[in-house]
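Below, in structure tokens: the form predicted on its own, a single chain.
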Amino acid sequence: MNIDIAVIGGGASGLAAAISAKEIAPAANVMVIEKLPRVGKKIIASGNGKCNLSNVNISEYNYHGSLNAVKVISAVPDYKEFFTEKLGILCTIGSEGKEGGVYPRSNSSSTVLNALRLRSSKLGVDELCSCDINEIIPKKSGFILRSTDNEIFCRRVIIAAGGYAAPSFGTDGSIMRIMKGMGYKISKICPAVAPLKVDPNDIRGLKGVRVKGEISAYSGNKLLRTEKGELQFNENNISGICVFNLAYLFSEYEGSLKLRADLLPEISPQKLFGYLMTLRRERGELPIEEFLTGAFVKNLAVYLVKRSLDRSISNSVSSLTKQEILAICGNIKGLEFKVCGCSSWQHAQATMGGIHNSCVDENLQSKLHKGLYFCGEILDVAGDCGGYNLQWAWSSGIMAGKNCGKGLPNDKIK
């Protein structure tokens, strides 16, 4: 099989890349090669099936890694031009707990995938599904791609195969391993946009508890980042969007990362202490386990007093000393957990790490192999939760496809 441009990976970045490449080089034979039986499976699952396809608040603060994601995003059409004007998708700004998130007006991710496939089909982009590429061989005039059943010669390659997150959608890191074997520098890999593991003994009794608050990541006494939102406690991890946005830090601070949660950020320590002193007076005859049930759900209320006191909580509230109330106040305003791991890849939404910036030029072309381009999650870019990773996928795909198409001499197109 001989083709002009092969796009390895039929996800968000791959489909955007194929469309962009075909628009730039309409006479070129462009093919999307997907290991699963159908393209776009991860798109369908994104945003809980609603496809949080972008965010109106794009900034460098929301992206992490060695590559400047915002520079790429600002150099290509925004979501309005790409999705609404080109693909015909009506979009809306919705909350979903993610400020500024952009969603299809239909509230269905299938709308997005259908529009991408319609545009791709209209342009004449081919698809080859159930084809798992396991070898990439650079040649003088192009590349040979090998799978168990196929050998494909292509003049240009766009690698849009994703990272390691959500392997059930085909992104199992296999192409990343091939790239490493071809001499590419790979930044440290770990799950991003994912729960963070803590010692199960430190959150015993909190499984299923949700509480709004503010959570900060520290390494030693160094404050790394603070997020607000709903915290969710599970058997051995803490999750929620605010925690997801801290998960990328595990890559750099593994072994020294800790979380500190303020469960009542709207109340100052002084006012909280006054409130607790009033509670001591008003609930004096009740057992200590009822001390905080006016502020938190029972499980969390009991957990906080147990963690703060070194005695029985069956004693009366009136027996609490000022020092004990200060201790309770301290845990409410700064409940601390040591991070002992990150979530499994099955529960991660993105990959931290990937092909290092030093291996690609400003056009997302490889510096090691001319004619090979990268886009999407395989590059060393991880965005926050809230549409930032899909925006990176579309934007990097558009840029890689455009430059790949431009790099194909018209007189040699079949």
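Everything numeric in this text was worked out from a predicted model, so none of it was measured. Note that residue numbering follows the sequence shown and begins at 1.
What comes next is about the form predicted in complex with a small molecule, which does not appear here.
Peer 1: Indicate whether the small molecule has at least one heavy atom within 4.5 Å of a heavy atom of residue 76 in the predicted bound form.
Peer 2: Answer no; every heavy atom of residue 76 is more than 4.5 Å from the small molecule in the predicted bound form.
Peer 1: Contact with the small molecule in the predicted bound form for residue 388, defined as at least one heavy atom pair within 4.5 Å: yes or no?
Peer 2: Contact with the small molecule, yes.
Peer 1: So in the predicted bound form, is the small molecule close enough to residue 8 to count as touching (4.5 Å, heavy atoms)?
Peer 2: Close contact exists here: in the predicted bound form, residue 8 approaches the small molecule to within 4.5 Å, heavy atoms only.
Peer 1: Using the partner position in the predicted bound form, report whether residue 33 sits within 4.5 Å of the small molecule, counting heavy atoms only.
Peer 2: Because a heavy atom of residue 33 falls inside 4.5 Å of the small molecule in the predicted bound form, the answer is yes.
Peer 1: Which of these residues, 133, 154, 231, 206, gets a heavy atom within 4.5 Å of the small molecule in the predicted bound form?
Peer 2: Exactly one listed residue reaches within 4.5 Å, namely 133.
Peer 1: Find the only residue in 138, 170, 341, 287 having a heavy atom within 4.5 Å of the small molecule in the predicted bound form.
Peer 2: Only one listed residue qualifies here, and that residue is 170.
Peer 1: Thinking of the small molecule in the predicted bound form, which stretch from 352-360, 23-31, 373-381, 64-72 has heavy atoms inside 4.5 Å of it?
Peer 2: Checking each option against the 4.5 Å cut-off leaves 373-381.
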